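There is one chain below, alone, in structure tokens, taken in the form predicted alone.
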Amino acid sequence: MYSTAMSLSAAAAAVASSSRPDAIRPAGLRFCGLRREALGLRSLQTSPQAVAARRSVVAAASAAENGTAGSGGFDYDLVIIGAGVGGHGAALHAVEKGLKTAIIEGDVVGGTCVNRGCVPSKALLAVSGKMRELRDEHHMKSLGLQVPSAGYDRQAVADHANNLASKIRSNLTNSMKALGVDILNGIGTIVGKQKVRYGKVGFPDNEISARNIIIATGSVPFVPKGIEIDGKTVFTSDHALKLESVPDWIAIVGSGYIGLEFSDVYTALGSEVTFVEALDQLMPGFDPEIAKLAQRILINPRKIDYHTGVFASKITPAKDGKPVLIELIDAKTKEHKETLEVDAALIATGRAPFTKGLGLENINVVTQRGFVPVDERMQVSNLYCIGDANGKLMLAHAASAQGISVVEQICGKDNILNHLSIPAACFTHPEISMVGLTEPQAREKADKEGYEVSVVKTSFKANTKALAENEGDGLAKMIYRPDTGEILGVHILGLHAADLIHEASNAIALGTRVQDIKFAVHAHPTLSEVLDELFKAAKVSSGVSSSVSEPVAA
């Protein structure tokens, strides 16, 4: 789940400020993460025979339209530049629709998520979760368990993360090959309208034509000026995921998703952590109430201290026996505050779009701070851009959903993705998840548009399954409109919050209102009853209809 040059809250605010009168209908919305193909499974609906049949239909229609053979005189119906999760999702959906599809990748299949983000980080977090539980003597005794002192093998932990990334990368590659996606190795560059050149250094370039082009080149870690990266003592998440060392004391610059997850890993493995945050509070992208509770659960009891309202103006790597030096200045006055001396520093200040060298100038597309400016249909000029490169919502599953939406449009079905329905999660212990607006965003929007906002909350301490696990710390809150029952946002901190959020995100996507979803039945005893109680606690004005024919517009 990597995150964020633009915070989720900022993205949500941007979406909230726009009108969506043409919100998609339930049948038109599809979501995709790594999909079943990532596990090496093949959908019965997308066998090579089925794909070939669909492709022949599309080719025939194209030939009839253009008076030419094949894909309307083009080498491909669709060429995708970038084989990360977004490009992969778009490619698989395209072949399902019968489009002749190629994907160009200059590095390795899987992109940031699989190789340097979501996937390996979850492997490290799985280890940190086990270590944290095994070392919690009070927790184990409360369950009647006696466990000897727990330890770990750093290299074996690193190998676990690397092996998982390799497995998922291989599965993604094989899934595309099996379904007939052409994987073209090399750096892709747009050389003209519907023309792409690709190739490797030292080898001749190849040029292909495509009826449609999707840019899905993703992002790279953003490193502010004044910070010197050596990859050993001062590094980004790309380096940290290799777990080449576990420093005694590490500073983490940035307290967003990336920083918070790595603080969970490092403290579980024995490190002391210092956060350096430019804003006045930790976790600025989260709902303030959730952030406050998260600080009490995830920060205060652990070996973590923090400096807020400061910039790391200069960071010098350790060398010649000297520690890493971090010069802190006041974020407002720019006056020097102090200098930290630590063993290592992780730079977790967000991500920047990877769009240089794409040849966008050849089709008169000008980036904005590196992002490709697209409309609500992910389109600019005569091509499309999805994922981190467009900056709308820098999450892997958002990129995949955007890719699927684009393919639907290419196939003639208008499809606009409601970004407020896309969930996000932080895989700490316990987890944090969210979808939609934060409470301040919802109240600001309500003040502008003239309606009331209500908030309901439930505690994990009242949930039987959470208590059985002795994991009662946590809160779920929902922001909604009492006059219509529209769900504006849901935020969860607690056991398996990342899994629980999807009932709420799907409700927002499908336009299900509180007065309808409160009648849904949840198995007992399960953690899902946290949301069941949340929905039942909501009070909707009497006389409001409970029938919903289409999703609520964002």
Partner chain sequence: MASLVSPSVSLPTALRRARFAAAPLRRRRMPVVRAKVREIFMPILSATMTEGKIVSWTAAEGDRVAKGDSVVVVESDKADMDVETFHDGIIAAVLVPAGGIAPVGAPIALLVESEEEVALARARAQALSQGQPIESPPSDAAPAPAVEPPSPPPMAAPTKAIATPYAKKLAKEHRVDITGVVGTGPHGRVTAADVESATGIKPKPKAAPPSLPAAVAPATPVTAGAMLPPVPGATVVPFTTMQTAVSRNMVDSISVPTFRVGYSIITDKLDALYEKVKSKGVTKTLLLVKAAAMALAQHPVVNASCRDGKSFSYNTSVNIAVAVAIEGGLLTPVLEDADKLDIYLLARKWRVLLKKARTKQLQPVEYSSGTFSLSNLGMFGVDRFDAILPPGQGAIMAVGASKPTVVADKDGFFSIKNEMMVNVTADHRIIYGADLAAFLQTFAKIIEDPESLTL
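Numbering follows the first chain given and starts at 1. The structure presented is a predicted model; accordingly, all values stated were derived computationally and were not measured.
The discussion below concerns the form predicted together with the partner chain, not included here.
J.: Using a 4.5 Å cut on heavy atoms, which of Asn212, Thr355, Asn171, Thr274 is close to the partner chain in the predicted bound form?
T.: For this set of options, the contacting one is Thr274.
J.: Which of these residues, Lys200, Lys177, Lys322, Lys332, gets a heavy atom within 4.5 Å of the partner chain in the predicted bound form?
T.: By the 4.5 Å heavy-atom cutoff, the listed residue in contact is Lys322.
J.: In the predicted bound form, is there a heavy atom of the partner chain that lies within 4.5 Å of any heavy atom of Lys303, even though the partner is absent here?
T.: Judged by the heavy-atom cut-off of 4.5 Å, Lys303 is in contact with the partner chain in the predicted bound form.
J.: Is Glu244 close to the partner chain in the predicted bound form, meaning a heavy atom pair under 4.5 Å apart or at it?
T.: No - in the predicted bound form, heavy atoms of Glu244 and the partner chain never come within 4.5 Å of each other.
J.: Indicate whether the partner chain has at least one heavy atom within 4.5 Å of a heavy atom of Ala312 in the predicted bound form.
T.: Ala312: no contact with the partner chain in the predicted bound form.
J.: Heavy atom to heavy atom, is Glu341 within 4.5 Å of the partner chain in the predicted bound form?
T.: Judged by the heavy-atom cut-off of 4.5 Å, Glu341 is in contact with the partner chain in the predicted bound form.
J.: Using heavy atoms and a 4.5 Å cut-off, decide whether Phe286, Lys448 and His496 all contact the partner chain in the predicted bound form.
T.: The answer is no; none of Phe286, Lys448 and His496 reaches the partner chain.
J.: Spot the stretch among 303 to 311, 398 to 406, 368 to 376, 477 to 485 with residues whose non-hydrogen atoms come within 4.5 Å of the partner chain in the predicted bound form.
T.: One stretch meets the cut-off, namely 303 to 311.
J.: Which of the residues spanning 127 to 150 lie within 4.5 Å of the partner chain in the predicted bound form, based on heavy atoms?
T.: Result: Glu137 alone.
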